[in-house]
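Only one chain is shown below, in structure tokens, and it's the form predicted on its own.
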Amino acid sequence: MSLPAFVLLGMFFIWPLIRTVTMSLHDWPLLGVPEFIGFDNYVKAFRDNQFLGAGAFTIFYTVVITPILLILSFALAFLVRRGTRAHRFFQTIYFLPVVIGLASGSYIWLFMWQSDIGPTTLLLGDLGLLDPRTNYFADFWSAFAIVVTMVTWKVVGLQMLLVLAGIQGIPEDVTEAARIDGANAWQSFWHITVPLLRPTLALVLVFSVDGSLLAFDQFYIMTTGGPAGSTITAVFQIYRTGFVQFDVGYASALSLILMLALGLVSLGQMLLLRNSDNS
């Protein structure tokens, strides 16, 4: 019964992983004869200012967007937690962007913020809040803010549902007992709701961190890495190395370094969940 699973695992994970490891140990041009160079690609990665800069920007992006998603998903889940018709309506509204593909959402927001023709820039220009002639993707902070806002709009609905499922899984008896014992709303939230939601929050946290560390589409489409390469993420740099510079061996080494980083994040998730279960 498990043979098909092992076959699929071998075809789509183990064999590609073996090939990636092999390629990372070679100077492997897209056209030409590969040459074995040992760990030179890995040594080169830690001296590559472009990759280090892309990694630093990826971490910065992760640090910024993760708390935004966590706090907003928590707040939205509390707003719609009662399950009335109005709450279900807003729950649907908040969730709708999730069904749109990330690439499609990126193109929509790219058009909305185009200078002179974008609906958002024109509307805010009519209200006197912004200059509609300005190219907001030519400045790092405005481009970064637009991308972060788009990703929040796109992703927060799914995380809201995860938190909402966690809230609805808390027995009413527990909060009722706390209320009878004299706990106010804040004490009930902080000492009852948050500890019981810890596994759910850990799951949401890992989704946010993993997704942010693998960010590519939104920056590739909306900023193309600009201005001046300041919004190039780690995955974006791997793409450039492999498919623009055609240095496939080095791109494989960068991919494995990123995979190791994601593995460490997953290990942190397991430790966090285990500690939550023990507590």
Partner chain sequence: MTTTLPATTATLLPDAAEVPRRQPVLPRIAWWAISICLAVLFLYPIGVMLSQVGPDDIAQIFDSSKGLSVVQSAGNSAFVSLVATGVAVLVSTLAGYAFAKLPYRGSRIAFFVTLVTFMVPFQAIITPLYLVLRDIGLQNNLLGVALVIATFNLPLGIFLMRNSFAAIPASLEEAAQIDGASAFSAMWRVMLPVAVPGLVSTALLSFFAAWNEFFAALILITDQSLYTLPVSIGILSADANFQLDFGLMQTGVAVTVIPCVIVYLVLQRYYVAGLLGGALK
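Residue numbers count along the first chain shown, from 1. Basically, rigid core = biggest C-alpha set you can superpose within 1.5 Å across the two forms. Bear in mind that the values here come from a model prediction, so they are computed numbers and not experimental data.
In what follows, reference is made to the form predicted in complex with the partner chain, a form of this protein that is not presented.
- Site annotation in the predicted bound form: the residue of 148, 138, 103, 170 reaching within 4.5 Å of the partner chain with a heavy atom is 103.
- Judged against the partner chain in the predicted bound form with a 4.5 angstroms heavy atom cut-off, the residues 2, 96 and 185 are in contact without exception.
- Interface residue remark: residue 109 is counted as part of the site for the partner chain in the predicted bound form, having a heavy atom within 4.5 Å.
- Among residues of the shown chain, residue 191 is one whose heavy atoms approach the partner chain to within 4.5 Å in the predicted bound form.
- The shortest heavy atom separation between residue 114 and the partner chain in the predicted bound form is within 4.5 Å.
- Contact check for residue 48: no non-hydrogen atom falls within 4.5 Å of the partner chain in the predicted bound form.
- Proximity to the partner chain in the predicted bound form, taken as heavy atoms within 4.5 Å, picks out 232-240 from the listed stretches 49-57, 232-240, 62-70, 36-44.
- Taking a 4.5 Å heavy atom cutoff to the partner chain in the predicted bound form, the contacting residues in 218-236 are 220, 221, 235.
- Relative to the superposed rigid core, residue 9 undergoes a CA displacement of at least 2 Å between the shown form and the other one.
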